[in-house]
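As a starting point, one isolated chain is supplied in structure tokens, in the form predicted alone.
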Amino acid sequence: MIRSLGATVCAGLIALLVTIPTIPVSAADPVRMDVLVPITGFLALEGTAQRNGAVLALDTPPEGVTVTYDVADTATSPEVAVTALRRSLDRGNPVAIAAPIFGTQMLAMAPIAGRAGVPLLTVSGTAKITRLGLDIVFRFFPGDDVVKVAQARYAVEELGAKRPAILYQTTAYGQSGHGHLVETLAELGVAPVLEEAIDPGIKDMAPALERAKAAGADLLLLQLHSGPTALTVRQAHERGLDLPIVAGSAMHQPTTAALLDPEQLEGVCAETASSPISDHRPAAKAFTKAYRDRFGAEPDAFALGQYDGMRMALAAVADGAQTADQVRDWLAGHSFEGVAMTYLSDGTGNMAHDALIVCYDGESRVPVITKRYEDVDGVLATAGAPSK
């Protein structure tokens, strides 16, 4: 799908969503920003949200900017993602690329994008992707060293967990989150009673749940993708496993909650960067309405993070950046007031530094924002719940 849109498209809506620099660009040439994300496979829900957020941003560029883009499905294979990246580079000179949420794919793509000098804008939480020594990776979702800290702290400090069990995916995403959960728990003086790795293809979570119960767990910490998260929550409820659950960001997704009955969600919380459907601020409400109108679906933090990331890249173009190098330098050197939060690189491409905890009440599939953690001089500090 290729789109080429002029500067005046949906200007009124964008004014509500995000303030974009309005420095004029004289006779600016069209720029390309491709979207390479997983639309099929076990990350289809996350990747589709990511694609939609990117497309919504690219279809509504700021004044003075004309952008074209292609969308490619990277599925869940590193080889497919690398092929999609090479094709994007062969087609022309993209100034930025919306890159997969899947950390395994990001790790395969980053060296190639680094040699080409093209920024990869992602919402992948895998911590390692910004530790590769490359200056082209920009993460618009808090890394595991932020959200896993929030997840573990909420479980221990707010819910009083002393014997948590960790169920995590065997993927790079799962392993990264698992490591940060264990590290943070240790700092809090808590040791998990069970740490179990689960392949994304496993459909029966009962054995893992039984082992957690047998180990005397008082809370479940989940670091699973969307489908396995929903399976675990459902099967825990069906088996009467009366344990609080604090899940990873997959659980905050409306598409994940839609797989469960509201009563199955009671006592379930999740870490996330944002929850647009729970956020009553005007910019978040405007984004949510625009997303619903365009896609007939509910937005999540992955959609909003990718939206904000592409809007920041478009702001760079509006400010005069016309090449991949110029966009990269602009992203590295500017802050940006997005819908979810303010983004600013920490010097390694981590742009997002805040985290939320959302919880379900058992009556609705819309979670409530219960806790906010903000970066204060490199330390994650609690800030209560955001104002309604």
Partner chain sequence: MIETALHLLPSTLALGASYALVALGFVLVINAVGAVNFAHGELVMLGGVIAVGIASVLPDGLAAPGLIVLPGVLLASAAAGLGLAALAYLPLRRAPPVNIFISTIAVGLIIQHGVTAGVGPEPRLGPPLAPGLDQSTMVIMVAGVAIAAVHLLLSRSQFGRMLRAAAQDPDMARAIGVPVGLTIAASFALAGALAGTAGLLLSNQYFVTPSDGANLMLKAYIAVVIGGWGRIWGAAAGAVLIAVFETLIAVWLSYAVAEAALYLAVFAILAFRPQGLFGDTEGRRA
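What you are looking at is a predicted structure, and each value in this text was computed from that prediction instead of being measured. C-alpha atoms forming the largest set that superposes within 1.5 Å between two forms make up the rigid core. Positions refer to the first chain, counted from 1.
What comes next is about the form predicted together with its partner chain, which is not displayed.
Asker: Please tell me whether any heavy atom belonging to G201 falls inside 4.5 Å of a heavy atom of its partner chain, as the geometry stands in the model of the complex.
Answerer: Yes.
Asker: Using a 4.5 angstroms cut-off on non-hydrogen atoms, would G227 count as touching its partner chain in the model of the complex?
Answerer: Result yes; G227 sits at the interface with its partner chain in the model of the complex.
Asker: According to a 4.5 angstroms non-hydrogen atom cut-off, is M205 in contact with its partner chain in the model of the complex?
Answerer: Within the cut-off, so yes.
Asker: Please check if A44 has a heavy atom lying within 4.5 Å of any heavy atom of its partner chain in the model of the complex.
Answerer: A44: contacts its partner chain in the model of the complex.
Asker: Partner absent here, but in the model of the complex, which of 33-41, 315-323, 336-344, 350-358 has residues with a heavy atom within 4.5 Å of its partner chain?
Answerer: Stretch with heavy atoms near the partner: 33-41.
Asker: Just give me the single entry in A197, L159, L188, L243 that has a non-hydrogen atom within 4.5 angstroms of its partner chain in the model of the complex.
Answerer: Contact residue from the list: A197.
Asker: Within 4.5 Å of its partner chain in the model of the complex, heavy atoms considered, which of E183, E266, D218, E210?
Answerer: It is E210.
Asker: With its partner chain taken in the model of the complex, which residues across 229-248 come within 4.5 angstroms through any non-hydrogen atom?
Answerer: Counting only heavy atoms within 4.5 Å of its partner chain in the model of the complex, the contacting residues of 229-248 are A230, L231, R234, R239.
Asker: Using a superposition on the rigid core, decide whether the Cα position of V190 changes by 2 angstroms or more between this form and the one not shown.
Answerer: No; that C-alpha moves by less than 2 Å between this form and the one not shown.
Asker: Would T40 count as moving between this form and the one not shown, using a Cα shift of 2 angstroms or more after superposing the core as the test?
Answerer: Yes; T40 is a residue whose C-alpha shifts (by 2 Å or more) between this form and the one not shown when the cores are overlaid.
Asker: Superposing on the rigid core, is the CA of T76 displaced by 2 Å or more between this form and the one not shown?
Answerer: Yes, the C-alpha moves 2 Å or more.
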